[in-house]
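The data below hold one chain only, encoded as structure tokens and taken in the form predicted on its own.
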Amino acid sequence: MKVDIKELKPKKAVLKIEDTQLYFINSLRRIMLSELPKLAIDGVVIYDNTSALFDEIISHRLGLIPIPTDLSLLTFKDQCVCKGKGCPNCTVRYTLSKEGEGTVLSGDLQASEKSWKITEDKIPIVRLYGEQRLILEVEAVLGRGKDHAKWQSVQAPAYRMDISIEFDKSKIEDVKRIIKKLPEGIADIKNDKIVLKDETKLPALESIIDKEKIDFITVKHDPTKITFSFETDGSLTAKDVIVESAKILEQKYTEFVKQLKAL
């Protein structure tokens, strides 16, 4: 398998993966969505709330705030040496106290330790008017996306196969007519094939093919050459997401082999 990093940013990655199978890429995608751990607020104690929103709505919004996560420092609460009581090894605590006119933002959450400071600090929680106030304390713990969406650190993980668009050479004039119907500059004819400058625009061509019931243009997909992309909510970097997801998938394959040998 060959992996080429096309784009790697703190919150986004685009990988070109060759000589692999679709089931492997889809397994990695599902791991990102359901098995990859991250921190999220799971316990909320509201001491005072005179805002326009109910406690339950504020708690829900707090749960969806991305919490910076270092998986090397934390363990799951039910697996911790504290036996679920909540300690620095499994629980991160924040407090919030705000009163008076203004918007309560995610950055108003004060971490018990500076290393856990909220980085996505402009997320609105509630608007306060007049002398309204909000005072609360929360706990963030590790969880997985399969347990609740608030523990899902990856958004829109997607993959697409490389394409090859061929046509009947005797229909070259018809092909040129079809290309003229596309948005200007997205397609051209090279080496007896239709080449898209941006493969994400393929649906525009396919819609014309379907609408006019064209049979002289064929779109072929190569399942061994895949572009895989995803974004994160900021709780984990894109690099950490791909590395940790690959580790989890490897562990599952190893366990599966052990189970097979035990049969």
Partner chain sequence: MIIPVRCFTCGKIIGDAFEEYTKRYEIYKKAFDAGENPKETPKQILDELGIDRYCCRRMILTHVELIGESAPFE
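As the structure is a prediction and not an experimental result, all values here were calculated from the model. Positions refer to the first chain, counted from 1.
Heads up, the form predicted in complex with its partner chain isn't pictured, but that's what we're talking about next.
For residue 127, a non-hydrogen atom is located within 4.5 Å of its partner chain in the model of the complex, even though that partner is not displayed.
Remark: residue 123 counts among the residues lining its partner chain in the model of the complex, judged by a heavy atom distance of 4.5 Å or less.
Contact check for residue 66: a heavy atom falls within 4.5 Å of its partner chain in the model of the complex. For residue 209, no non-hydrogen atom is located within 4.5 Å of its partner chain in the model of the complex, even though that partner is not displayed.
This chain is displayed without its partner chain, yet in the model of the complex the stretch 115-123 from 91-99, 175-183, 160-168, 115-123 comes within 4.5 Å of it by heavy atoms. Contact with its partner chain in the model of the complex, judged by any heavy atom within 4.5 Å, is made by just one of 29, 201, 61, 225: 61. Out of the listed residues 46, 53, 217, 195, 53 is the one that sits within 4.5 Å of its partner chain in the model of the complex by at least one heavy atom. Shown without its partner, the chain has 231, 233 in segment 227-252 as residues with a non-hydrogen atom within 4.5 angstroms of its partner chain in the model of the complex.
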